[in-house]
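Listed next as structure tokens is one chain, alone, in the form predicted alone.
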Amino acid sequence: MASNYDVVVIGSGPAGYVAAIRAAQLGFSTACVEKWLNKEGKTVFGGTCLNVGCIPSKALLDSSHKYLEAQHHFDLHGITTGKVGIDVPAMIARKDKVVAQLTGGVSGLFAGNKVTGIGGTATVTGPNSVKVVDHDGKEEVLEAKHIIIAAGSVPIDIPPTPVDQDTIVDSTGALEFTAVPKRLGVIGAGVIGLELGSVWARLGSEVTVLEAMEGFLPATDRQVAKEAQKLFTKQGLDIKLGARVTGSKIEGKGAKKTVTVNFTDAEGEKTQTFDKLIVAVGRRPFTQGLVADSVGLEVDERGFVKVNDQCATSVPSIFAVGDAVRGPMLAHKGSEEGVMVVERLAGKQTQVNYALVPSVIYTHPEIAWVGKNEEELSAAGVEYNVGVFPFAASGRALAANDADGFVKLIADKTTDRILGCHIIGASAADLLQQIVIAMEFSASAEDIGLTMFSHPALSEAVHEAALAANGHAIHIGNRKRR
């Protein structure tokens, strides 16, 4: 017997659960299917982000940063303590508690908005049909006027380092260490690798990051990337660029297991031995086997569902959002796509502005950016002005002993319209959002410069960078003057 809905959403990560809730708010009868099981074998909503991604990693980042502060920086504030220790199992337990609270919150939101949450594995069998097999093997057919694929993504495996979730782990396994590894290897100097490497480096691991690419953080502004590499190296991350991993071998037993990694760089073949190895080389869409071939859904060679700017697929009744489609694999991007799809189903004219998707790396200092960087603008032949303001000149940052980094704002040379903003420093993600809003309204650097900012606040660095773009910075010399 089939159940009928207006909308069936496959996946309950930030793209899926937000789409489901908004659909229900708009009056659609809605179901959301999720295959994820928690450690107790129960269905939990929230997807990768809440269960093994954004949220647990940030919990560990915050815990490890507090430990580092207590161990090395409290004395600068006149605070004295005894010997500071770290209870890793307690830290992991706190992380699990945060996860449980938030995933339970999604279940509560489903109940409050009358979304039917269904546990099991979904397969799209027709333009309006989804087969669900629950974890006991029972099948159910859901008939839907509209289907939204929000199945998310999974870590990429590489043949030289097969993951066993013990000695060689992916980003999920790296959240479950029960002790601080003395020697930790990380393959990949992207967002995930740097964040997880930072967690364990703060807790005492000797961390080596092996990155195959010759350039560091190629997606970021070069000035920001250079500063980040300097600061991360100072923090103890040994970042080896142009290091291509060719093989690995696990030796020993039990707690004495180690893994020797073979890699090549500009100097030739090398080996390095670690107690744990994290493989963080990116993620791939989780779409294989999700849709029956007979449906005729178009998928590209990398597994991404082909969609247009409104996330419509080649099948009129089926949409796809989040990590399953083109663009950055970011929770907030997926959420906005989910909202866009269901609001358009309700007759609204919502559209995601893909030119203004903010990106963040939650290391310390944070790195955040939106819009274009200097390299992109130069390549396109666009003339621009740049304003840079260092946190070392911020009273609030100095008072907090957190003055690394800077704010960089780029504006069109002719129109003064803001083209991009790039921040490395404390609270970079929150500071950047001010410029994201400004850019949504086509603001100019002068608009930001004429806006009053509270003092003392970190956001004054944004104000000064905007002033500097036109040669008007008050608290530091200007890079460019008119």
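Only a predicted model underlies this, so the values are computations on that prediction, with no experimental measurement involved. Sequential numbering from 1, following the sequence displayed.
In what follows, reference is made to the form predicted in complex with flavin-adenine dinucleotide (FAD), a form of this protein that is not presented.
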Among the candidate residues Gly173, Gly120, Gly204, Gly126, which is the single one with a non-hydrogen atom no more than 4.5 Å from flavin-adenine dinucleotide (FAD) in the model of the complex? Gly120
Sort through Val52, Ala59, Leu432, Ala31 and report the residue having a heavy atom within 4.5 Å of flavin-adenine dinucleotide (FAD) in the model of the complex. Val52
May I ask you to check whether Thr313 falls inside a 4.5 Å heavy atom distance of flavin-adenine dinucleotide (FAD) in the model of the complex? no
Residue contact check: Ser153 to flavin-adenine dinucleotide (FAD) in the model of the complex, 4.5 Å heavy atom: yes
When the contact criterion is heavy atoms within 4.5 Å, does Thr48 count as touching flavin-adenine dinucleotide (FAD) in the model of the complex? yes
Is Met329 part of the interface with flavin-adenine dinucleotide (FAD) in the model of the complex - any heavy atom within 4.5 Å? yes
In terms of non-hydrogen atoms within 4.5 angstroms, which of the given stretches 301-309, 316-324, 75-83, 136-144 touches flavin-adenine dinucleotide (FAD) in the model of the complex? 316-324
For 358-387: residues with a non-hydrogen atom within 4.5 angstroms of flavin-adenine dinucleotide (FAD) in the model of the complex? Tyr362
